[in-house]
Every structure is written in structure tokens, then in C-alpha cells.
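In C-alpha cells, the next block holds one chain alone, the form predicted alone.
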């Protein structure tokens, strides 16, 4: 077998992947909502160009730097993302962002990034999780402040990122299901004090932790009743009483830092308490916490499914690139039936898993009440809207607790059956996508034989990156139980899952 030149790109860059060939549901939807699908096409094409033209040259070199030095942080990739508007793409235009937040754009965006570098997608995903978690508190005062920092940071050499801190050393999977909270061994807690709150405890496995300027922290006020007496806080990286602990050593996703956050009598002023239920602010509906948690997970698990598809497609494209150039017995591998069969099986995994994350996206769009999953009205994408939202008189109304309460009530209007559909489809997206990534990674390494474990081919990196997708946002085992609970379980009276 004759191997191709090492200098040859390790991913298929011939441009064979086409929107109309792979997103049939969106092509059909285009007839009914041309404006939204046009935004999805534009977002997908912009992502593809950025990844293929600007990200590809750095993927393997940044991975090697992180392997050589576990304390290394890929700031160059953060700045690259900022220069190309990747940190503010889904921030609404009236906050100065790119306004690419069409719901159906999330999956294709995550897939395209992950096909080139799943770790890079995970890095931006940690930042995105912080923005999603903050957005769903509907604290428009803090959300606008953070969004404007993100936009301003993209124009500087010190980009602004945010993360979301939920997981604790003794409570991981337990904090992703409301029914498991009473069993979770929570240690971190908040205490109300004059002028704010005091935080104590630790958060672990926090994506983008060492990169974030601000941390969105979730902690209960009452450890005996964490579901109904909790708080959400913004903690700046230089806050007194806050410090960064270890940067986790991982097998994959090396450019995405995973961090330990330490809180020792960390004071959070009143204006940085984003949401709380201890004194009644933020509402007292007993389902509020469950709805917020389920909505966040519905979005993020769908995105992880799309990341899995991207990773699986990346393995496929890397194998295809080598198969087109590698000779065996006088013919390129791509002209041999055994190779064609394996490539087809890899492609089947990609197409199958993609259909699931797209269905999960449509489940979000169909079942979230109050227009929360719909596109923005065109008037909100104008320069005039940007000026209006910057007006201090308008801010008084926009930032009011009355408007916020109405937005939270809209989210709570999501019907139980709608919430269940979002839950089982998002978990299905996560399981199917991440399992497809692992299977394709395994096939890619075996297909390339000795070349499959060479770092310069990119295949072994994709395989390493795939494993984490089965673990975070709830292990695949937990998500399988979640699928049973919200699909089969709700039709089987008396059956309990957790």
C-alpha cells in the first residue's frame, strides 16, 4: 500500500458535502418559511468556510501543544474564533450580535464545526451553554450586559467568554434529572446576606472554565430543598473568594479546557444574582426549576447529537480523503468494493444520526410555547432596533421584573406532553449521535491500519474526541433511561425509572 504525502490535508476538502443533498427536511421547510431556512443556509455556509479555510490549519498543531503541556490553553483559537464573529453569532442583532439564532441553524452549525474539530466545537459549546442558561433566566438586564461584553470582546485581543457551572465533585449525573436531586450529594451552597449572597463549594468538569471571564453558577440556597430554593449567579474571574482549581487532563477535546471552580466565601452582589427563589423573585411555581432544566438540556443534548454527527462525518471524510489517494494493488482504495462498502456504512451512520438531531430540533420548535423557539421578527434585526435597545428609557421597560415574569410564564406554558417530547427526542439525539461518532471512529482507525494511529492523519484524534460525547450532558446510560421515561414510561402507568 502506498501512503499519500504527509503534507496532504487530512480531511476531504473537495467540497462534496452539499446542503441540498443532506438537509432534505430543511429544503422542504424552505417552501413554507423561506426566510428562516435562508438564515440556516447562510449560517451553515459561513461556518463551513470558516472551518475549512481558517480552522483546519490549526487543528492538529493545537492538539499536539495541549498533549505536550497539560496547562496549555489554546488562546490563539479563541482569538481566531473572535476575529470571525464565532462568539456572538447567535446573539440577537439588537444586542450587537450576528443574529444567526434561527432554531434550525444550531444542528448544522455544530455538525460542521465538529466535522473539522470536535474539541473546538466543544469549546464554543461551553460558551454557548453559558449564554443559553443565562437567556433562559430571562434576566434581560444581565443578559444584555453579557451579550454586549461578548460583542465588544470580539474586537479586542482579549475575547470575552462565559461558562455554566452546575456539576460538583460528588454530584454529576444527579444534577441533570430533577428526580435525582434528592439523591445528589450536593456540597456547594449559597447564603443570602445583606447586599447579595455568599457562595461556598466547588464545581468540576466546567467547559471553558479557564477561558471564561464570567462564570454562570448554579447553587442552592437550601441543601435540603435544592429544587425549590436555588439561585443562579454571575461570578467574575477576579471576584474575591473565587479561584480556579485544576485544569483536567483529558483524552480528547484538548483545546476545550475543563476546569475546577472554587468558591470560598465568595461574595456576589445583588445585581449579579441572576435568578433566585429564596425570596420569591423569579417566581414560586414548583415546576419552574424542572422546566428551566429540561429546556436547557433539550437544547444542549440536541446540540451534542449534532456534534456526534459532525465527528462521525469527520471520520468518514478523513477516510475518504485518504482512500481517494492511497494505492493498493495498483488501484486507489476508493475503487475497491470492500472499501466502498465500509465508506457506505460510515455514511449510513452519519445520515441516520443526522435525521434524529433534526427531528429533535423540530421537537423543540413544535413544543416550546410562547414563540420561544421561533425566529425573530424582521424589525428586531434592524439598526433601529439596536439603537432602541441601547436607549436607557427603553431599558427600564425591557429590564423590568414584570416583563421577565411574563417571559418565564410563557416558558411554563409548555404542556407536559410537549416537555416529554423534547426530553425523549433530545436524549435520542445525544445517544444516537455520540454512538455513531464512536462507531465511525473505530471503523476509521481499523480502515487505515497503521496510518490510523498516526496523529497527522487526524483519525485517532477524532476517535479520542468521540468518547467524551457519550459522557457529558448526561451519560448515554442516563439518556437511555430518560428516553424510556418520557416515551415508553409515560404510557405505562405505575412504571418508575428513577
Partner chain sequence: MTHPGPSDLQSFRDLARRFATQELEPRALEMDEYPFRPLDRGVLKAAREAGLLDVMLPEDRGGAGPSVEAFCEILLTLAKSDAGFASVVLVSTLAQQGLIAWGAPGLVESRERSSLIAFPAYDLPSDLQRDLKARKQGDGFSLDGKVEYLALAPVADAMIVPATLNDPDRVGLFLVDSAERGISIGDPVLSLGLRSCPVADVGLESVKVPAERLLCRDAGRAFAELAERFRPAVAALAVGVLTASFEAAMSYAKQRYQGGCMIIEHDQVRMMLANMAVVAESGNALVRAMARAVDGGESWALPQAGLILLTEQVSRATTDGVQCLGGYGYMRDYGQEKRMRDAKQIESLFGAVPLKRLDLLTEILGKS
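Residue numbers count along the first chain shown, from 1. Computed from a predicted structure; not experimentally measured.
A second form of this protein, the form predicted together with the partner chain, is not displayed here; the remarks below concern that form.
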{"query": "Partner contact for residue 53 in the predicted bound form: the partner chain, 4.5 angstroms, heavy atom", "finding": "no"}
{"query": "Contact of residue 152 with the partner chain in the predicted bound form (heavy atom, 4.5 Å)", "finding": "no"}
{"query": "Contact flag, residue 480 vs the partner chain in the predicted bound form, heavy atom cut 4.5 Å", "finding": "yes"}
{"query": "Contact of residue 33 with the partner chain in the predicted bound form (heavy atom, 4.5 Å)", "finding": "no"}
{"query": "Contact test, all of 193, 291 and 485, partner the partner chain in the predicted bound form, heavy atom 4.5 Å", "finding": "no"}
{"query": "Residue among 58, 464, 41, 48 with a heavy atom within 4.5 Å of the partner chain in the predicted bound form", "finding": "464"}
{"query": "Selected contact from 79, 328, 386, 237, since only one has a non-hydrogen atom within 4.5 angstroms of the partner chain in the predicted bound form", "finding": "328"}
{"query": "The partner chain in the predicted bound form: contacting segment from 394-402, 241-249, 407-415, 137-145, heavy atom within 4.5 Å", "finding": "241-249"}
{"query": "Residues in 442-475 with any heavy atom within 4.5 Å of the partner chain in the predicted bound form", "finding": "442, 445, 446, 447, 449, 450, 453, 454, 455, 457, 460, 463, 464, 465, 467, 468, 470, 471, 475"}
